[in-house]
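Same chain, two versions here, written out as structure tokens and called structure 1 and structure 2.
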Structure 1
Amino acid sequence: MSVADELLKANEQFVKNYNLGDLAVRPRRRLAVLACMDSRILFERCLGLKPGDAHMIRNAGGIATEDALRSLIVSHHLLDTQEFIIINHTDCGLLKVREDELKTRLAKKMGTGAGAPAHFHAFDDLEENVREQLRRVKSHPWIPKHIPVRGFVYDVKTGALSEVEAA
């Protein structure tokens, strides 16, 4: 049985006790979280969030890419979120590679280059990466200046969050 088949079986059980159909489309806590896709981190649990509390936007590295910014803009302007947080984490895979080396490795492995993605957004300084994402979000002209945007580092060994001050 494939993993997808296992997930479908799990979904059959989930549906039997499903009781979230009446949740509002707008997040109850008026919060959007941009975070890494790392499978070790259950942000809903570490932040004490429940279904319907917040928008969760996840990608490799917790990067404020064009698509992540699109999601934050939609979250605020169409669904009334009033606060954003950005979370990166220790032991991130993008901390362990260099952009040029990753592209070279992939081209060699696959036998061809590729135009997209143009950037993987690898980084070597975790806190500075959080600051860069804060700058990207705060400087976007469609994200109002009154929206609080805060950044954090999640420690995968302890579960603790530490705030990163914007530069």
Structure 2
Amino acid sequence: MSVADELLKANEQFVKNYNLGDLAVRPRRRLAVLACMDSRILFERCLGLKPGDAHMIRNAGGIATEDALRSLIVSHHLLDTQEFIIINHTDCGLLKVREDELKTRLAKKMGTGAGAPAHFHAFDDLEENVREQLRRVKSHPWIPKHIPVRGFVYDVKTGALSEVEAA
């Protein structure tokens, strides 16, 4: 059985016991979270978030890419979130690689450079990486200055969230 089929089985059970009520499209806690795609950060457990509470924007690294900024803009302007948090984490896959080496290696493996991402967003300083994402979000002309934007590191060994102060 493929994993997708296993998820469909799990979903059948979920539907039978569905009790989330009628949740609105606008997040109840008016929060958007930008975080890494890492499998070890599940927001319901780690942050006490419940269905309907917050937008969850996630990519490799938890980077404020153009696409993540698009999502934050949609989140605030269309769906009225009023607070953003950014989460990077220890033991991130992108902490262990070098941008150029990765591009060269994958182009060789795949037999073509076509389709290579413009940036992988590899990084070597975790806290500085969080600060860089804070800067990108806070300086965006379509993100109003009154929105609080805070940054955190999630420790995958302890489950603890630590705040990173903006520079």
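Rigid core (definition): largest C-alpha set, two forms, superposition within 1.5 Å. Shifts are known only where both forms have a C-alpha. Every residue number counts along structure 1's sequence, beginning with 1. Since this is a predicted model, take the numbers as computed values, not measurements.
Trainee: Quick one, which of these two is the form predicted in complex with another copy of the chain?
Mentor: Between the two, the form predicted in complex with another copy of the chain is shown as structure 2, not structure 1.
Trainee: Could you check, with the core superposed, whether the Cα atom of V25 shifts 2 Å or more between structure 1 and structure 2?
Mentor: V25: C-alpha displaced by less than 2 Å between structure 1 and structure 2.
Trainee: Which segments, of 3 or more consecutive residues, undergo C-alpha shifts of no less than 2 angstroms between structure 1 and structure 2 following superposition on the core?
Mentor: After superposing the rigid core, the shifted stretches between structure 1 and structure 2 are 19-21, 114-116.
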